[in-house]
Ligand SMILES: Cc1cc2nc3c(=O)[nH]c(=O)nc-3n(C[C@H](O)[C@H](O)[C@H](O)COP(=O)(O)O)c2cc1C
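One chain comes next, on its own, written out as structure tokens in the form predicted on its own.
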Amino acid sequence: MVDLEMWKQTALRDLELPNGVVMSNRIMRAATWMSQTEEDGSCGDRIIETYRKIKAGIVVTGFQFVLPEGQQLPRMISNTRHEDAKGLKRLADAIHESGSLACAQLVHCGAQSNPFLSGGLSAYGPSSKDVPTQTGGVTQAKGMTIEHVEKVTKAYADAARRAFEAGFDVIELHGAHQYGLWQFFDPTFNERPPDDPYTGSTMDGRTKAPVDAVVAVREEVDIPVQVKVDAKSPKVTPEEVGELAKRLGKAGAWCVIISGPNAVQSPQKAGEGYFREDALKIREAAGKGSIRFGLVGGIRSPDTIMKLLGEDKFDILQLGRPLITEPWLLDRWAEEAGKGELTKSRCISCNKCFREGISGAVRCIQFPAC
């Protein structure tokens, strides 16, 4: 049986971030594409009202594209223009209204970008090659020049500046789901030659793009930076991801969130916390240092949360789909903990919420009133 004191010692422990800002609990709302912006990516009333309902220690926004060419899905959040600032401020303010800290997730989707959404621009990745997309198709990606990679790095810093001035407390760089930063780290995508500074044949070359992005953001704004990464791939071991995490920490990142290429697996089939085993290997390979570790992936029940934060000693947990169907879930759990009868999220991981996003907006169809 779970009681309130046990819950307080795990999920409700506060955490001081590197700049002294305090996260009131150990639960983050995972970045989730909601397909609720205006058609140009600006934040209007619909997406503002959605985020106003969510409560967590830190609420991470759905991915914000930092260049038009780096957009993957319709109605993603734009963080590319001066005129985006007003909507971004409304978004940060709405998150703060619930007592949560606000985190802007920034991304360039690289070879996973959709050229049709950027006016016919090509999809650009580390190398010129055909890249399988997450929807089952193939993208003919063009390899970036060194100058192009540097342009993307600067775009991360510029977007971080806009987010910071809009009132966001934390920046998350999206290096998971096989998006741009991960593509440079993964030899599956990175076939740049040995004499290229971003070569896929050495650890220095593979880690340069994500490390440079952290450094660029940290030099631009005094704000905590975390990085989301995949746990592994066919050509990347968890131990190599541990080396990446170590280098990200030295570059100034405060936390690494362990995810994977398929972020919407079913915990009924894969189990809750389905990246856990690889994440433990990553943490061991990274060794003791200043960087903290978070985990995402099918976490649904308070018992799992207490195990991951207690026995496994993860610093942060991210929840995505449970906070789509129950934005107020943490309040419910706090109330139940006082009665010693915590129950799991009502999310059944049907993934139909995301399918709704293609034609309209992401929403829970099992409980439409949420």
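Please read these numbers as outputs of a predicted model, since none were measured by experiment. Residue indices: 1-based, along the sequence shown.
Missing here is the form predicted together with the ligand; even so, the following discussion is about that form.
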Item to complete: Just give me the single entry in G57, P322, P302, G41 that has a non-hydrogen atom within 4.5 angstroms of the ligand in the predicted complex.
Response: P322
Worksheet item: Quick one: of R162, R283, R192, H174, which gets a non-hydrogen atom within 4.5 angstroms of the ligand in the predicted complex?
Response: H174
Discussion item. Can you tell me which of 306 to 314, 327 to 335, 60 to 68, 42 to 50 lies within 4.5 Å of the ligand in the predicted complex, counting heavy atoms only?
Written reply: 60 to 68
Discussion item. Check for me: heavy atom within 4.5 Å of the ligand in the predicted complex, for each of S259, Y274 and G297, yes or no.
Written reply: yes
Fill in: T32 within 4.5 Å of the ligand in the predicted complex, heavy atoms
yes
Practice prompt. May I ask you to check whether A11 falls inside a 4.5 Å heavy atom distance of the ligand in the predicted complex?
Written response: no
Item to complete: Answer for M23 alone: is it within 4.5 Å of the ligand in the predicted complex, judged on heavy atom distances?
Response: no
Worksheet item: So, in the predicted complex, is V264 in contact with the ligand at a 4.5 angstroms heavy atom limit?
Response: yes
Practice prompt. Note that the ligand is not shown here; using its position in the predicted complex, name the residues of 324 to 354 with a heavy atom within 4.5 Å of it, in sequence order.
Written response: I324, C353, F354
